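Take a look at this one chain, the form predicted alone, written out in structure tokens.
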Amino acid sequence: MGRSNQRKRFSAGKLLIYLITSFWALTTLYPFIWVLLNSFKERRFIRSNSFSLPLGEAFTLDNYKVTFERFDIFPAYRNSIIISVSVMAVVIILAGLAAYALARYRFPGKSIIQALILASMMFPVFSTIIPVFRMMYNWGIANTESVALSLLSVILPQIAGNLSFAIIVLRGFIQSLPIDLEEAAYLEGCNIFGIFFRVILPLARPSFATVAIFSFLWSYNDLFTQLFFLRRKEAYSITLLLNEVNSQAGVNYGLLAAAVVLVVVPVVIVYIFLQKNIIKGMTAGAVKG
């Protein structure tokens, strides 16, 4: 009798959790669904009833056609991919090596370095953007005619901005790994880099996947840094192009909705296919053993 009551209470609790999470998911997804529906409607139908479905006379593909005709969507996608992939790759390598050193080795100043890494996460981007811009300008890679240098001027600050989070996540996971395999690899003749790439990387794959995904998405969505360093239209990223669409479209809500969908859809696709890696990587290092 006691067990049956416990099962009922457990089932009721799970039902309540599902209801709450479903409501939360609905409130989160609804704005995107609303934008997606309105991207297929003419402006007059959006003004009259923005909550109606794009059916019959209201349905149109003109918003997407105008967006592709008036704005350089594909070059902007290319620049965003170059920036985000570069940031992701460098962050994985540098943060992985730093996290491994902090997790496995003792050296003078280790506690100070760990404190500085934590402290660096407390400073918002806009508090350091002016000295960073001056540094990039003195290096000759900001405000230049070169598209490659303009992209590099965005990549470097984004790498620095993602390193602290990546090091903390990877360090916690590496500390949870048994050291026996590393000792065996050392006895077999592997050096530090051999142990890292042959032992740590395969074992910590979920955590590295999480860092890669978050670094890519944060870089892709970072409008603030790109506003400072990407001044030439040839170097515009997709989020910066959306900002230009917003300034030119005015009250053309259909065109704005189509531009938003074109920016958000790649991010949604990445998250849908890699969400298991994100959850697994964030929770894998929470339990040591």
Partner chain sequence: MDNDSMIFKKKGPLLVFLLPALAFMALFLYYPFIMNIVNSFYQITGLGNSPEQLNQPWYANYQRLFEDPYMATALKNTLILMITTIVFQVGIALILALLIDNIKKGVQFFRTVYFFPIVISATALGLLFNLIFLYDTGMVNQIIQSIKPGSELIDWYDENHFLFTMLLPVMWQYVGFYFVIIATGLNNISPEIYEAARVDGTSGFQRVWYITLPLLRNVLCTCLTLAITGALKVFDLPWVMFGAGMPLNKSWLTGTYMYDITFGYADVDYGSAIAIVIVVLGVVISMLANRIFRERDI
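For the two forms, the rigid core is made up of the largest set of C-alpha atoms that agree within 1.5 Å on superposition. Positions refer to the first chain, counted from 1. Predicted model, so just to flag it, every value in this text is computed and none were measured.
Form predicted together with the partner chain: not shown, discussed below.
Although the partner is absent here, residue 22 lies within 4.5 Å of the partner chain in the predicted complex, judged by heavy atoms. Contact check for residue 32: a heavy atom falls within 4.5 Å of the partner chain in the predicted complex. The partner chain is not drawn, but in the predicted complex it has no heavy atom within 4.5 Å of residue 12. Although the partner is absent from this view, residue 124 contacts the partner chain in the predicted complex, with a non-hydrogen atom inside 4.5 angstroms. Contacts between 170-197 and the partner chain, taken as any heavy atom within 4.5 Å in the predicted complex, involve 171, 172, 173, 175, 176, 177, 179, 182, 183, 186, 192, 193, 195, 196. The Cα shift for residue 29 between this form and the one not shown, taken after rigid core superposition, is 2 angstroms or larger.
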